[in-house]
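Okay, so we've got the same protein chain twice, two forms, each given alone as structure tokens, structure 1 and structure 2.
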Structure 1
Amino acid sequence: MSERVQFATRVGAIAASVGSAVGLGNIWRFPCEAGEHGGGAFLLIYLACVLLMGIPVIVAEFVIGRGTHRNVSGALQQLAPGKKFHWLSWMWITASLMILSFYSAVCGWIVEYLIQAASGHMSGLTLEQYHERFNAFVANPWRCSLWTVLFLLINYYVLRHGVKRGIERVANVMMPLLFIILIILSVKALTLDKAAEGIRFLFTPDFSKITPRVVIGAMGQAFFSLSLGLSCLLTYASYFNNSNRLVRSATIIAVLDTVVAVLAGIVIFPAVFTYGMTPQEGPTLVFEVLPAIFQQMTGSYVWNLLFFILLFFASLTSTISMSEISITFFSEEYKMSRNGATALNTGIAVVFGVLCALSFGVLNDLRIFGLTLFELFDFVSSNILLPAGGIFFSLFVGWYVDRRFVRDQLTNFSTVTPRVHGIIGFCMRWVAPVAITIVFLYGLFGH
């Protein structure tokens, strides 16, 4: 077997992994969750969840990926020979394709709005007019389908160039630019009239607002924000070289992912406090509320354009990592060429991505268990498959995999000594599985 490709640099490996974790959940889900659950109190619990649940599960995925240098199925076959664990790989392939499908429909919206912002057609509208424009757009079958397919073709173009010339090169450009844009938007937000109120809400914890629902919300946000349980990070770790320090890399990724979420809060809360709006969830915030807020600022063209460029970068780096799961699986387990596996992944995503995009218009009446296809893919992947994957990875590495193998990976074969080795192991075996199980049960029965 030929030697497996690796990331060219440690910086590239970190940039790609951060790009995998950073996505739309950081930029619109975190502010919505924080706004709903009391701001500073939510942030405090969220940080604890990242430390006690997020980093250990990242490390678990890294141990499997870097320790075997194989896709998720091949890794489980190597670490559990004679067992049937590798059949679970279809769970991660299914989850990645489902998420890629409905996520790419949203990414198509972002492409539409990026073009609208660049052409100057986002100005001069009221909040109600932004609402009417968005509803009319998502109900238009041709425009939604066109932009979904275009986005997936961009995704395909990057992936067909491979790990070094495609994934790593794009991550090395997009991730620094993403942080620069976020910082520029944050600085602008801090100049707004009621910026102090927004910052106070985000960073001042009101302990009276900490309830079980807030804790569960913070655990869920930490889990989904870091893309845990999907095997994205496992797949990227399989391209790490043996000198990468796994605990340090996992910590850097968790910290940078959290920084993106907090910066998004710094952008959004001063704005919504200043202009008397609320950080409503998901598409309403991104495609209606924020454009209406930017419209009231001096230089609205620039702020709209920067914001949708930011969303495009965040979404593309995420879909690249989601796609890589099935590409490595098909190419290594079924001996397909990389171009063939990439085309297959893109073809599946195009079909189901367009169907998800049409769920807001002509296919809105097509319901399965009362859910549109978009809602079904979102619910099954986010509330069932991802938590199940996170529980499996933490238990598998924490309890099943040979302790010497895990120790060798964490210490780079005794060349480094992670001071938190014992804490990571404890959280992996006990804290993370319990926390993710709570998120899993709440996602199924708590709403």
Structure 2
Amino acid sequence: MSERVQFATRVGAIAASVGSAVGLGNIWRFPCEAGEHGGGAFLLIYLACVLLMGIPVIVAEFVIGRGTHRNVSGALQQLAPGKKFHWLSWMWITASLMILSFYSAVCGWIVEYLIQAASGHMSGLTLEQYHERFNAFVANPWRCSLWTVLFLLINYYVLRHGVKRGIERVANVMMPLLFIILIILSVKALTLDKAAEGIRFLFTPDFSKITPRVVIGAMGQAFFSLSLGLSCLLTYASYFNNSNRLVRSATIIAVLDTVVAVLAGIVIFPAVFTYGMTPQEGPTLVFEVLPAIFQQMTGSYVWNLLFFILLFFASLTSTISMSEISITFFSEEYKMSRNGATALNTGIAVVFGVLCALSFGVLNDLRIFGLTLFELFDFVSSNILLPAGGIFFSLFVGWYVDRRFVRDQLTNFSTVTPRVHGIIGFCMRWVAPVAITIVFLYGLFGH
């Protein structure tokens, strides 16, 4: 077990984990959710979810991963020998492949828009025309499929190079660039005429807007955005070395992930208000409204290009992390070579990713429970499998795993003084599982 690969540096380990967390969830989904659910009120509930459920579940996954240095199935076999918990791994493998599939369909759109932006074909249209263009594009089976496959091949290429030379290196380059681009874009947004209105919308909590639906939306968003409940952070933690402080790393990841989501809001809302749009645009915000806004600014070419590079970096570091779950699983449990496992992961994602991409056009009539394949994968993974995984990890580490093992992981074998561990432990045992269960059941049956 000791020759198992590890991240080369602690910064690299954090960069990779932040890369996993920061993705479409922050830049695409957070502003839409905040826009739909009343801005500041949503942000406040979101922060509570991150603190009370997010950080404890990240720590739970870290304890399992770093403590065993194995894939999710191997880790559960080691911590609960002779028990059947490890069969749950199939749930996470399935969920990770589902998310990878629908996520890659959106990444395909990003590739298209990135190419359009780079070649200068993004400017000069009205909002109406951007809308028509987007609809025509997602309905075109060839283009969507092609870009989805291309994106997955890039993903494959990085993963083939392994943990240090692939995952860590890409994260070390892309994460700092991502922050720089985001800061440039937010400074620009803050200089717009109605910036204050946008910022007020994002930060002023309107408590009358807080309904059970908002709470469910915020929790789902926190899980998705922090890559929780899927054994993704568990898998990355299995590459951490023993000097990595788990609670501190979990906090850094949660803080940076939230900062990116808020910065994305700071980029988007001032622009939305300045150019007279409404914040409740839904998913088309990024692909229709923003290009329409950018094109009214001077230097629209640069703003468009920077924005789609940002989305590309954010999404690639996330798809890499969700792929790694099944790659480690197949290579360790089924003794496949890393290349073989990576090819298998990519092959499955290509098939289902293309099907998801087509569900906006030719396969739109293919409905399961009234949902397209894209919607079904999104719903089942984000609303059912991720929360279920979160409940399991917090209960498993909070109640089942040997106390000493957990303490050794939290204190790095008594070399770190425990400070907030009591609170984390309490949230892991009680607050997170109870809160996730209530919200989860309400989300499924409460309508």
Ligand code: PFF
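Numbering runs along the sequence of structure 1, starting at 1. Quantities reported herein were computed from a predicted structural model and do not represent experimental measurements. In this text, the rigid core denotes the largest set of C-alpha atoms whose superposition between the two forms falls within 1.5 Å.
Engineer: Is structure 1 or structure 2 the form predicted alone?
Structural biologist: Between the two, the form predicted alone is shown as structure 1, not structure 2.
Engineer: For residue 37, is the CA shift between structures 1 and 2 at least 2 Å following rigid-core superposition?
Structural biologist: Result for residue 37: yes, a 2 Å-plus shift.
Engineer: Kindly check if the Cα atom of residue 305 is displaced 2 angstroms or more between structures 1 and 2 relative to the superposed rigid core.
Structural biologist: The answer is no; the displacement is under 2 Å.
Engineer: Residue 108: CA shift of at least 2 Å between structures 1 and 2 after core fit?
Structural biologist: No, shifts by less than 2 Å.
Engineer: Once both forms sit on the same core, give the Cα displacement of residue 220 between structures 1 and 2 in angstrom.
Structural biologist: A shift of 2.8 Å at the C-alpha.
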